[in-house]
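The chain that follows stands alone, in the form predicted on its own, written as structure tokens.
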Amino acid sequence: MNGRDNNTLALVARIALIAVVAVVLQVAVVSQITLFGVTADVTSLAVMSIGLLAGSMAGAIAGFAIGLMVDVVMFQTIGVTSLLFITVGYWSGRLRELRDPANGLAPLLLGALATGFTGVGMAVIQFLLGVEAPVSLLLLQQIVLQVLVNSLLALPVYELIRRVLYRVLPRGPRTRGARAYNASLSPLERPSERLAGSTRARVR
């Protein structure tokens, strides 16, 4: 087994640990605490963070696993939360792969979007399934308040998960770009030498 396989196994193991801890923490602790009349949802923030850090595939798989555990533990319709979390994890990962966001506030924005999407999506799916759930301005107000509460937690949750996954994360576009930039603009190479090198390349 080579180093890449070991790194992949370590990444899977740490994501699995994060998934279990996030669900247990949500059910046993966070769901018992209300702020502005609503409870936070650290599971959606965990899925968003894994996707943003590890990519779309890891985000989608983590979203499915965390969503399935939430549905089982909370005695909800199996698969509903998984479907929503797969979408959250996948598109958070795609953002990392396509644009590699360097803005430190990206997790906050994505956390708000993930929470809003999950809340609205859950209400819509329950309505389509015929589940008796009140669809009203009060529900919309609760979703908005939960988005605000989760926004306060998005950066701390992201930073904590980043520290757990940091050593086993795959190299992203930013790392590759930085390596290429440093290779072409070495501090040991004088500007005149770089210019001469680029001129010789054009002549060839």
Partner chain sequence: MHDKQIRRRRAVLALLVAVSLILLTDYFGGSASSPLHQVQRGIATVLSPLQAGASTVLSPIRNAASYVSSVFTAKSELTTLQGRYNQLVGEYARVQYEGILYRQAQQLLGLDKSYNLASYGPVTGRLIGEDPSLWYETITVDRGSSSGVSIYDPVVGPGGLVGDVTQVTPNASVVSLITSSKFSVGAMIENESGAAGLIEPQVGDPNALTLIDLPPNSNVSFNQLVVTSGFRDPHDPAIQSFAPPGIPIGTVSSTNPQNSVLTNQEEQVTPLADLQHLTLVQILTRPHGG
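On a predicted model such as this, the values are computed, not experimentally measured, just so you know. Residue numbers count along the first chain shown, from 1.
If you look for the form predicted in complex with the partner chain, you will not find it shown, but the lines that follow are about it.
*Among 137 to 145, 160 to 168, 23 to 31, 40 to 48, which stretch has residues whose heavy atoms lie within 4.5 Å of the partner chain in the predicted complex?*
Contact criterion met by 23 to 31 only.
*Going by a heavy atom distance of 4.5 Å, is residue 86 a contact of the partner chain in the predicted complex?*
Result yes; residue 86 sits at the interface with the partner chain in the predicted complex.
*Contact of residue 35 with the partner chain in the predicted complex (heavy atom, 4.5 Å)*: Residue 35: yes, in contact with the partner chain in the predicted complex.
*Heavy atoms within 4.5 Å of the partner chain in the predicted complex: does residue 60 have any?*
Yes, residue 60 lies within 4.5 Å of the partner chain in the predicted complex.
*asked:* Considering non-hydrogen atoms and a 4.5 Å limit, does the partner chain approach residue 153 in the predicted complex?
replied: No, residue 153 is distant from the partner.
_Listed residue that, although the partner chain is not shown, lies within 4.5 Å of it in the predicted complex (heavy atoms), from 113, 95, 80, 123_ = Here the answer is residue option 80.
*Out of 63 to 92, which residues reach within 4.5 Å of the partner chain in the predicted complex, heavy atoms considered?*
The stretch touches the partner through 64, 68, 71, 72, 73, 75, 76, 77, 78, 79, 80, 82, 83, 86, 90.
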